[in-house]
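This document starts with one chain, in the form predicted alone, laid out as structure tokens.
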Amino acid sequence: MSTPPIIQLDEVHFTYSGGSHSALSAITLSIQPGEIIGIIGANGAGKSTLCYLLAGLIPSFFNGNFSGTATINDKEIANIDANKLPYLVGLVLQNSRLQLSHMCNTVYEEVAFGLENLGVPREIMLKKIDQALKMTGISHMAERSPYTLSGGEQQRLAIASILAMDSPVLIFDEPTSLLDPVGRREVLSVIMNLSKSGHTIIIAENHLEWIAEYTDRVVALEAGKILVQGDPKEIMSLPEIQSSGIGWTRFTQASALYLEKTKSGSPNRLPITLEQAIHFFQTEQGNHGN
């Protein structure tokens, strides 16, 4: 017997109030518990809107025209009590400062803020805070001011604040887009560790190499519609991924350029990761007797 999806979208359409065109159109998507889903698309393709929908913010918190069916754990998203939503799904935005309460003096207090507002008993709250700080690697920063942290550290704090709610689904809307390479590695490392702990991870991310390497499935958007979805190894080197404005990974680009210059026969599938690219070029050298 197959496991029922934790999130199910059927023929979802959404247009923001005052908008002249659909932000999402005919979106049908099933997400299984424990999956790592990558959402990719050019600017304006609908990545953030899809994240807001999956997080339960559409249609309740954004004005607009909504149609279709969207459920989390078989519950209609539109009918879920706002106080219960954080226990089902958590959303981490690309700008961590937007998620700070601006009412707390320390990292520890910031992680506690949401739990206190929901009336979580103190004994349970303390355990959840300590666990969230540990999982994100910021326990040693507990007494620091949130505003003295680096960008990567603040993003980990935002993740810890969401983690403390025990949401089984975690959604990340371009969480590394404002970070330097060090901060990006910090945050992506935390996300990978969370996936190993059984969370369902949905991440909209422009860092295509990471999406190609670590996600189970990729959903590619174009103009608010699903262009293609599937195993990243099978779809991320497709011509339509390149032509849609999403682009290819640098490894796919290098391999395609090599084939163009050498006029070699095209393989069944271009490489998308470093490991695949190494194998590709080793094979090409072998075929040419080098």
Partner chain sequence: MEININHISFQYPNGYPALRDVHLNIPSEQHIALIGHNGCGKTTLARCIKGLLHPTNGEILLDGKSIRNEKISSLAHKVGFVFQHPDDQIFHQTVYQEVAFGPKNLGMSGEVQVEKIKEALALTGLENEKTTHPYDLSLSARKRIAIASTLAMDTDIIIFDEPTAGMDHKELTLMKVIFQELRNKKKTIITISHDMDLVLEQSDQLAIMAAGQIVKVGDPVILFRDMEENFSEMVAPQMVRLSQRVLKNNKTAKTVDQFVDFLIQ
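Only a predicted model underlies this, so the values are computations on that prediction, with no experimental measurement involved. Residue numbers count along the first chain shown, from 1. Under this definition, the rigid core comprises the largest set of C-alpha atoms superposing within 1.5 Å between the forms.
The form predicted in complex with its partner chain exists for this protein as well; it is not shown, and the discussion that follows is about that form.
In the predicted bound form, at least one heavy atom of residue 209 sits within 4.5 Å of its partner chain. Contact check for residue 106: every heavy atom lies farther than 4.5 Å from its partner chain in the predicted bound form.
Shown alone here, residue 281 lies within 4.5 Å of its partner chain in the predicted bound form, counting heavy atoms only. In the predicted bound form, its partner chain lies within 4.5 Å of some heavy atom of residue 277. Checking 67, 30, 262, 63 for any heavy atom within 4.5 Å of its partner chain in the predicted bound form turns up a single hit: 262.
Contact with its partner chain in the predicted bound form, judged by any heavy atom within 4.5 Å, is made by just one of 146, 152, 90, 114: 152. Contact annotation: its partner chain lies within 4.5 Å of heavy atoms from the stretch 248-256 in the predicted bound form, the single such stretch among 32-40, 248-256, 53-61, 224-232. In the predicted bound form, its partner chain lies within 4.5 angstroms of at least one heavy atom of each of the following residues of 150-181: 150, 151, 152, 153, 156, 174, 177, 178, 179, 180, 181, in sequence order. A displacement of less than 2 angstroms separates the C-alpha positions of residue 217 between this form and the one not shown, with the rigid core held in common. Relative to the superposed rigid core, residue 171 undergoes a CA displacement smaller than 2 Å between this form and the one not shown.
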